[in-house]
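Presented as structure tokens, the chain that follows is alone, the form predicted alone.
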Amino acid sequence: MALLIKGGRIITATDDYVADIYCEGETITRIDKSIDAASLKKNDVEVIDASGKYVFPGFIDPHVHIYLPFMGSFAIDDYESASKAALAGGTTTLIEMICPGPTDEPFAAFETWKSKAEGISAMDYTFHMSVVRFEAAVREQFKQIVDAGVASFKVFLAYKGALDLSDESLFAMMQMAKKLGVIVTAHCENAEAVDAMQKLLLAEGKTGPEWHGPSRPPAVEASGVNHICTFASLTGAHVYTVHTSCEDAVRQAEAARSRGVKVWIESVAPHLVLDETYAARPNFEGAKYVMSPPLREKKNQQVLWNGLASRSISTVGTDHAPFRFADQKVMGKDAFTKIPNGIATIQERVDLVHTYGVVPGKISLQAMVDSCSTKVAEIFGMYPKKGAIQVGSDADLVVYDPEFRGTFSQADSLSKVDYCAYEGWERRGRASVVTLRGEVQARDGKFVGTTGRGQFVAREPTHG
């Protein structure tokens, strides 16, 4: 069925205007000041009245975890629940982190992660390929993964003995990334420092979730940013610092950029609105707010918002890593090091950015669209197929009602997580209609579409 969206205020990363959008064959085929449905000479045109509402390009989450093994358990969402939740919140495409174990074969891991989405996801998806081993015997597999459409790698400068790479392997991997034109996304901490701090705190009997943050302070994250940027300078590879949480880390990336390093900065929604006091909540409630890097002092939030406003910080993701409180977070009851890391935010991201960023004037609507959609598509090789409202772009569109008033609640969540980190918070604005390649998939916070409609987005490397 064709789709006509009438009278909406179209907001892109650069523009703000009122027009009608006509979509046919999964793409945007016409944008005009006024399009008369009768003139289209088609009997099967769905008309959506967007008067008084914004029309955004479909939002893209650059950083999620869905299939995620952890200490014998797994993140609780699957592609059905996660994609429904994302679409309800206005996100139409996601990039998942493939996180194999240190002995897994890379290409087999890619196939495993992809199989979890195929025929199940209600939204489009693609991947970052984590590199947790890089001996000569497996290097050809990473070239095959790039040929299969994955144009970004992921490295962890944390998690000693599990996911971290040696500097020798890191250097070799970044040389390959430069040659292939692949961008390297990086979890920037210092594995040795975190390991030492964790052991020290546990030995002192400091076992609760409130000690997670002190075990990996801002200096540790800043050290990791400096480390990846140094290797980027040596190899010429392009890098992207994921879930950048604090001023120290942002300043390291900005300083490297001023020296000519090609580095992009990602923030995530939890760091924009939550602070370290949440992880210190009594009766183990703080475990709900354990993520890495940890929640920081509140003063860092303004640094992140300012960076988004100036576009020094490029993107807003979620680092969605969904673990239930009742039977998964409690794995760390006796030691914070065993608490599954993650705060589920895949459904809430867009409304959090609008409510706590746009409404109080911290960032503009254009910065919201750029950071939550367009810049993600540009950095990761999907633009203008994704992240744009242009003729020829995928008809991924969000009709957004800025007048909606409500609260965030676990009762409204389509994720399988048993709590909402933002329970009872004010919510201003909501996606009223969400389309994926021209088909309505969500209305007013409810999934109304087709599971399995999502497609793998194959990407060409763009960072040569």
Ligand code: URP
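None of the values given here were measured: they were computed from a predicted structure. Start at 1 with the first residue shown and count on from there.
Only in words, not in the display: the form predicted together with the named molecule, which the text now covers.
Contact check at 4.5 Å (heavy atoms) against the named molecule in the predicted bound form: none of M129, F153 and P461 pass.
Stretch-level contact analysis of 101-109, 88-96, 285-293, 138-146 against the named molecule in the predicted bound form, using heavy atoms and a 4.5 Å limit, identifies 285-293. At a distance threshold of 4.5 angstroms between non-hydrogen atoms, N341 is in contact with the named molecule in the predicted bound form. Put simply, H243 is close to the named molecule in the predicted bound form: some heavy atom of it is within 4.5 Å. Remark: F70 counts among the residues lining the named molecule in the predicted bound form, judged by a heavy atom distance of 4.5 Å or less. Although the partner is absent here, D319 sits close enough that one of its heavy atoms falls within 4.5 Å of the named molecule in the predicted bound form. For the options Y356, W305, Y383, Y159, the one in contact with the named molecule in the predicted bound form, meaning a heavy atom within 4.5 Å, is Y159. The partner is absent here, but in the predicted bound form a heavy atom of H187, alone among K375, R349, H187, H238, sits within 4.5 Å of the named molecule.
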